[in-house]
Every structure is written in structure tokens, then in C-alpha cells.
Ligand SMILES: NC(=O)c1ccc[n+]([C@@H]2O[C@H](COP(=O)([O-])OP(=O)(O)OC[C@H]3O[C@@H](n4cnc5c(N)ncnc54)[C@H](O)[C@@H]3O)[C@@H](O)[C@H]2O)c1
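What follows is a single chain, given as C-alpha cells, in the form predicted alone.
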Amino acid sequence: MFTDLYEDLINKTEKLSLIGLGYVGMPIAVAFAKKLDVIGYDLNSSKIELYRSGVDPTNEVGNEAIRESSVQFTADESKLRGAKFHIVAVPTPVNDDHTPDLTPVKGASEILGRNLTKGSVVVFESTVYPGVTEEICVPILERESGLKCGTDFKIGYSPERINPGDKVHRLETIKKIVSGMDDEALDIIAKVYELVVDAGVYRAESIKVAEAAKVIENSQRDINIAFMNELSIIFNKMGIDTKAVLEAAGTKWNFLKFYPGLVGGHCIGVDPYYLTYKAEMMGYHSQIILAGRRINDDMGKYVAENCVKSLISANKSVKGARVAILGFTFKENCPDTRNTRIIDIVNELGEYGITPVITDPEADSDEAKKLYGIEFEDMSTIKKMDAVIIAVAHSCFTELTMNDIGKMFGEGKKVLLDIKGLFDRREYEKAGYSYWRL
């Protein structure tokens, strides 16, 4: 029943489906559509209409690639019955108490289960803690479909490694971890992904190993950034420039080049909580991972506090101070504002009676309005400010000259918080700025 699936996909007598067409799913669908017949499903009908009209709201592949793609975009779940190889790529966020929110992946499993046919292979890409695919998703698929896993359909797991906004590290150029419930499933899944992943695949020995590999990739990065953030706090107290320290230390061949910053998005700031949640279930309380999370979660507040200190040092009134924030997305050159930690700066400044004006030419303004109630200002209107916080390293901000930035300020000392260290500290201090960075 499964042996001919790969050939059937190649010959286009069977189709591949993508469930979830966001920053991860949509590029995968477009890549596979160059080789196979692809059904792209998302329950957000307005997003589907954008894709059908040739618009890429994620900016991941661009409008032209969407227009030229043969993906059959649909919000009709019954269309999934026309596919035999299914990839689930929905987000896996955390709740306010930092516990995993498996609602999207459970919902996707229910939708797929209702439309699953015999002989199908299902691959999950969503980041989860070890055990979710087999212990949570499979029972839902079986319940909704009336089919038996292993007999009527098979499953696998292949964690996504797409880096939103990154035009170098793409689906095609990043080695792909693949896993399957048995050798037959693994072989089919590996061969299908090899069609689009030029860098090749790595066959993990089990689904749980693949799930664990993904969740530790971002946990490792999170811990390293937390260390840099802690160093930044220490060095700021010492009056030492952290960036200068890291540049000096970076001359050693084995020094890991991480930098301090706000950790948002859907991976680095989220995945560690999935791992520690599972660890708690097994009776182990994480120490290092959660310590890193606490540091990173507090960095927005730390930035706001230093903005206030800088205003006071510059003899400016704090309450009602005119402060501009440049950048609101969770990372540079990406329109996604979901899970941005810039909101922490906004909220903390509000505690001091400061309502900042925010500009971000790259951001999805409708999304920011819907999620945070924030409306962006045009950058040309940023004038007469007491302080300017450059929070995101968008290309449009890195190209700003000192003259451009100077026009944003009013009278008195110019307070500039260059969070990502985009500009020359000495140059701005020589020009009379109060300059601060992580």
C-alpha cells in the first residue's frame, strides 16, 4: 500500500498536501510544487485569498514566486482527501504561563484526521517536545479517521529549520532531519524531502530523537544569548562596552559569536519551555534552561529602565517624555510581529508615564493593530524626540546616517539607545549624544 507512494507522487498520480501556510509551510509548499502536485491548505480564508491573488504576506518567497507557483491554495479541508502525503506545519506557541499550547497542532490533526485516506503518510514539522507526535497527534488522527496507524497510514517527523527573513539559509540549503515510525515510512519521507532539500537529509533513528533534536537547537541558542545578556548587564554596571568586549574575545578561534538582544519569535523564546515542560512531567526541574529564559524574558524591561535612566541623566522629564521606537517585529527584515519582545519595552515605558511612538516600515501593520492595539507612525513624522530607541536591525535602519537620526530629536541632549549596536558608539558620543546599547 505504501511502497509505490514515492513513485506515485513523482508521476503525479498522487498529491502532497501542506497543512498550515505561514512562514514555514508556504515556502515548503512552493518548493514541492516545482516537483509535485501540491495542495496548500490553511483555515485562514483571507490568507488563502492573498495567495490566490499572487501576494506573499510573509515576504518569504515573494509575490512573483506565489504567482508562478502551481500550488492549489484552499481553505476547504475536504480537498485534503485528494492527497496521500501530508505535511503539518502549524505554529506551536506557549500559553501565558509558559506551558505548551498544543491547540494548533491538535486542531490540524483533527482537520487532517477527518480527511485522511488509507495509504497516507503524515509528517509533522511543528516544534514539539518528545512524544507529542506519537502520543498526542496519532490518537487524534486515528479517532477522527477511523484508521489505524501503522496499518492504514504511517507517520513521521521532520522539524522545520526555516529562518524567517533569512535569504541565505533556506529550506533548500539547510540539512533536513527526517524520521519515521518504521524503516518503510522513513525511507519514503527521506526520498520525498530529498526532492527539494539540496543539502540532503539526516535520518534520525526515531521520531522522539528528531523531536528532541529540534527542541534543543533553539534551547542551546537561547542559553547562549542569555549568557550574553547577563554579560551586558554586568559590563554596563562596570562602564565597559559589551560589544567591544565581544569583538576582542571573538579573536579566539573557538569563541562562540553570540550577541545580547531581545529574544522573541516562535522558536528561540518558545521551544525551551516545551523541553522544560516535558522535563517537569518526568520529575526534573530544569535549572540552566529556565535561568536563561528568565534573563531573556526580562531584557525588554531592562532596556526601558535604561531609557529612563538615560533621560534622567540628560536632565529630561521622564513622565510624558517623547520617545520613539524604531522597529517592532521580532527580528530584522521580517514583517512578523507575533511574539515580539519590543512590546515589553512599550509596556514598561508605560509604567513610567511614557507612551512611545513606534515606526516600522517592514512590519505587518494590520497584525500589530490586531494583536497589540498599536498603530505605527511614518518614519518621516519622527521629530522633536527626547529619546530614540533603535530596537530592530532592519536594513532601512542600518542605512540611516547621523544626520537622519539627528533630525528625529528636539532640543537638549540627544538620547539614543542603539539596542543592536548598529552604529559607531564613539562617533555618536563625540557628537554629544547620550549613547547606550546592550
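All residue numbers refer to positions in the sequence shown, first residue = 1. This is a predicted model, so every value here is computed, not measured.
Although it is not shown, the form predicted together with the ligand is what the next lines describe.
- None of S120, S232, T92, T337 but one reaches within 4.5 angstroms of the ligand in the model of the complex through a heavy atom, and that residue is T92.
- Between the options C137, L116, A363, A108, the residue in contact with the ligand in the model of the complex by a heavy atom within 4.5 angstroms is A108.
- Annotated contact segment (heavy atom within 4.5 Å of the ligand in the model of the complex): 122-130, selected among 251-259, 315-323, 223-231, 122-130.
- A residue is said to contact a partner when one of its heavy atoms sits within 4.5 Å of a partner heavy atom; S70 fails this definition for the ligand in the model of the complex, lying far away.
- The ligand is not drawn, but in the model of the complex it has no heavy atom within 4.5 Å of A393.
- Although the partner is absent from this view, V263 stays clear of the ligand in the model of the complex, with no non-hydrogen atom inside 4.5 angstroms.
- At a distance threshold of 4.5 angstroms between non-hydrogen atoms, P104 is in contact with the ligand in the model of the complex.
- Contact annotation for the candidate site: G25, D42 and K47 all lie close to the ligand in the model of the complex (heavy atom within 4.5 Å).
- In sequence order, I19, G20, L21, G22, Y23 are the residues of 1-23 having a heavy atom within 4.5 Å of the ligand in the model of the complex; the partner itself is omitted from this view.
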